[in-house]
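We begin with a single chain expressed as structure tokens, specifically the form predicted alone.
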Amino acid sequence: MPTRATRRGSERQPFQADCDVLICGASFAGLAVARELAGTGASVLVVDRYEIGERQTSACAIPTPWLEAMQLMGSQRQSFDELVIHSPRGTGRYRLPWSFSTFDYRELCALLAAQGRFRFETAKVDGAATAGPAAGGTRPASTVHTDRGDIRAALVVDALGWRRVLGSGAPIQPPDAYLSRGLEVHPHGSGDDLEVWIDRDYVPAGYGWSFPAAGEVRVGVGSFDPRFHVKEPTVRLARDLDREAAGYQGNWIPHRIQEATERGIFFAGDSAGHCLPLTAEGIRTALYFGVACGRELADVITGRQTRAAALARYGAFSAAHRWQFEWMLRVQRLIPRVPPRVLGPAVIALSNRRFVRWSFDHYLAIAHPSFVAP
């Protein structure tokens, strides 16, 4: 587990800044945006409540082709060519057409940040208000309020997570929001299989997992319904696997896509609901939409398009994926209704090699690594 490094108290001095691009959030989506701006000469400021790589909130697993495409293989911990899915009445072993990898969160963030060119500050973002022209120019700007002072920028990205801090109105809180909840423990240990449990004894609607990562095993439970708590089933799953329930971490996970632009601000990652329902996979989609957002911003900086055009293009790009997210959400809602006597045989039957290749290739195509450029 990472050591907390965020500056506190007297180390957090007030500051004000003007920049071309302000990226709020220094995890997968925010750093992917910054990566795309590296060659533009823009003044880019990234702010986050925590230091880069400090606050891991997921099991940190991703299709290996994405690590390769983003040049992040240095963070890889283990690779898996199979996915094992357990149910109370049967287990299926799925031979994947491409591998999944677990990775170290701090190392991946450091590698991704090194591909960008930006200034970083720790600050808690409180909100934003549309203001007048940016310093030194006539382009419209936004003023973002933080606990350390105000920041003005011509282009603003919210990659802060599901709360959608820079959106209009107060964020919808669970259990009313379209959120899943997840919790995992990180005991020391090893393993060879990437495993998932679809078992209502652990959670009525959701799944459990065990993801080995070279020296530790990430064991957790996620619930599609935020009303169901997941600590007790997480501890029980760890115990059933003869693992220690140590090193807790958890998070809310959005499972419905939202508008990717609002009030002249770009949203990427969890703040736009860019997390796939059913699987709760949000890392590669955060990278994918972060890269897309960064490209639109780069074209504004270099004069190839206006901010208004970038907002329209990026919003349309995100919206074009809505049907895929909504289709997966329907499947997410269907699985808890499948009778247990049917679920077990289905898990086994769906491990057919031809079906696995077809389904997983289509799944990867939702956010394909070929989208990434060096």
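Since the model is a prediction, treat every value here as computed from it, not as a measurement. Sequential numbering from 1, following the sequence displayed.
One more form of this protein, predicted together with a small molecule, exists but is not displayed; see below.
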query	finding
4.5 Å heavy atom contact, F289 to the small molecule in the model of the complex	no
S27: touches the small molecule in the model of the complex, heavy atom cutoff 4.5 angstroms	yes
In the model of the complex, C60 touching the small molecule (heavy atom, 4.5 Å)	yes
Any non-hydrogen atom of G182 within 4.5 angstroms of the small molecule in the model of the complex	yes
Stretch in contact in the model of the complex with the small molecule, which is absent here, among 85-93, 247-255, 67-75, 196-204 (heavy atoms within 4.5 Å)	247-255
The small molecule: the contacting residue among G191, G116, G167, G161 in the model of the complex [heavy atom, 4.5 Å]	G161
